[in-house]
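Encoded as structure tokens, the following chain is the form predicted alone, with no partner shown.
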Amino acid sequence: MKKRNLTRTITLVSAILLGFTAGGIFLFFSGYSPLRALEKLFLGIFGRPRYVIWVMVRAVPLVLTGLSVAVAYKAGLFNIGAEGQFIIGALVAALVGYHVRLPMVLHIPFVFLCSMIGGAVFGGIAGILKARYGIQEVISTILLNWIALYSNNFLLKFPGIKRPDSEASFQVRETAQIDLFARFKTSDSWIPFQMENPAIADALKASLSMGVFVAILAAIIVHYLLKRTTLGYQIRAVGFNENASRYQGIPVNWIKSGSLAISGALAGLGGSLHVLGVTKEVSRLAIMEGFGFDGISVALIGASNPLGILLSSFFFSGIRYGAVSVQRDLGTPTEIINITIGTIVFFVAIPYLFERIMLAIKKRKEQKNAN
């Protein structure tokens, strides 16, 4: 196990270096200095306290969608539907956050719960289709992504949901917002506080929310679930060897559908955290926002390990956020950062590809021997 972890660490570090090398080569031949770009990237992440906080805030949806993909992957499933489940979670959060009136201590957990249920329903549909009818979850989750997007846009046509003279919903009530310092920053104490504590005040200019801590707690809970519980053992067993799990009496179909439901709940929670902590509303979508798709890359880089996903989410968010400074100050093409990330994911994925191929060959041999 230690040797395997060491191999994966070396692979990940090598993939990151190769990714930055590929980005640097494209920058060089485009007429830009790779070292200058790297400097701007670093300053764009760590140059000011608020930059660091924004990186953390923007990592929150990636943590949850990454965990969503990882849970399904542990059960041998590929959840491409985290994007749609995220959209549903965000939509439910906006609706419940505005239309339901509760004290803050009840309102926030209630919104979380409703968003998780919404995401779990969308994940569970794909799970049932897989378990009962053998429909590939890749196909069903892709289709469910579009159903989620158009459901979001359809509901935002109604007067009670759509804010007048806008393409967005009503903003969630203050009792549902999780920005930790929103009221303080509009109070009379804010201006003198800024003068006395410039570094802390600069950090607080970012929308630091409860979502950062919820995301970390979610990663810890998922880690405990997978490593320390009977359900987690069954999920991993089904993902490792479905036939052996069935022989041992594990309800394989239930585990598959349940894993996708849990996966959907996590993505739905991510949508809720994004709405309550950052946007405060949902808008009509012309295209997918990409949080769920980025979660696939995050889960891959984090080796589908919940704690690894935490680190890879902050890494992914940092590159995305720091790239804005590179593009603004140097005028580099936006495609460069996508090339860098794509190269990293590509080289990280290669060992997993071989593992999946070898596992498939092994399963076929076992099936032939059984027959």
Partner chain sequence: MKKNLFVFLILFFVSTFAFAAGDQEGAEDAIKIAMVTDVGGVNDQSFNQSAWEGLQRARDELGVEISYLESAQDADYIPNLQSLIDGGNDLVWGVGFKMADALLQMAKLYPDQHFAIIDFAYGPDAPSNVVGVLFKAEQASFLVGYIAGKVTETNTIGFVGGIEGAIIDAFEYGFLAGVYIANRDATVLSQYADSFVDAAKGKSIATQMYVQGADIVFHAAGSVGNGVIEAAREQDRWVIGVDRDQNDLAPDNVLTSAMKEVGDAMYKVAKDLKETGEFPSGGALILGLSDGAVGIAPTSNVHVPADILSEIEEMSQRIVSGEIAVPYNLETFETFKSEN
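Positions refer to the first chain, counted from 1. These numbers come from a predicted model, not from an experiment.
The same protein has a further form, the form predicted in complex with the partner chain, not shown here; the description that follows concerns it.
Enquirer: For the spot marked by R36, E39 and T334, is every residue within 4.5 Å of the partner chain in the predicted bound form through some heavy atom?
Expert: Affirmative, all three are within 4.5 Å.
Enquirer: Which residue among R246, R183, K227, K205 has a heavy atom within 4.5 angstroms of the partner chain in the predicted bound form?
Expert: Exactly one listed residue reaches within 4.5 Å, namely K205.
Enquirer: Among V121, I135, V100, L285, which has at least one heavy atom within 4.5 Å of the partner chain in the predicted bound form?
Expert: The residue in contact is L285.
Enquirer: Is R163 close enough to the partner chain in the predicted bound form to count, meaning some heavy atom within 4.5 Å?
Expert: Yes, R163 sits close enough to the partner chain in the predicted bound form that at least one of its heavy atoms falls within 4.5 Å.
Enquirer: Quick one: does E174 come within 4.5 Å of the partner chain in the predicted bound form, counting heavy atoms only?
Expert: Because no heavy atom of E174 falls inside 4.5 Å of the partner chain in the predicted bound form, the answer is no.
Enquirer: Going by a heavy atom distance of 4.5 Å, is Q194 a contact of the partner chain in the predicted bound form?
Expert: Result yes; Q194 sits at the interface with the partner chain in the predicted bound form.
Enquirer: Examine I361 and determine whether its closest non-hydrogen atom to the partner chain in the predicted bound form is within 4.5 angstroms.
Expert: Because no heavy atom of I361 falls inside 4.5 Å of the partner chain in the predicted bound form, the answer is no.
Enquirer: Heavy atoms within 4.5 Å of the partner chain in the predicted bound form: which stretch in 264-272, 125-133, 205-213, 228-236 meets that?
Expert: Answer to the contact question: 205-213.
Enquirer: Within 4.5 Å of the partner chain in the predicted bound form, counting any non-hydrogen atom, which residues from 85-105 show up?
Expert: Stretch hits: zero.
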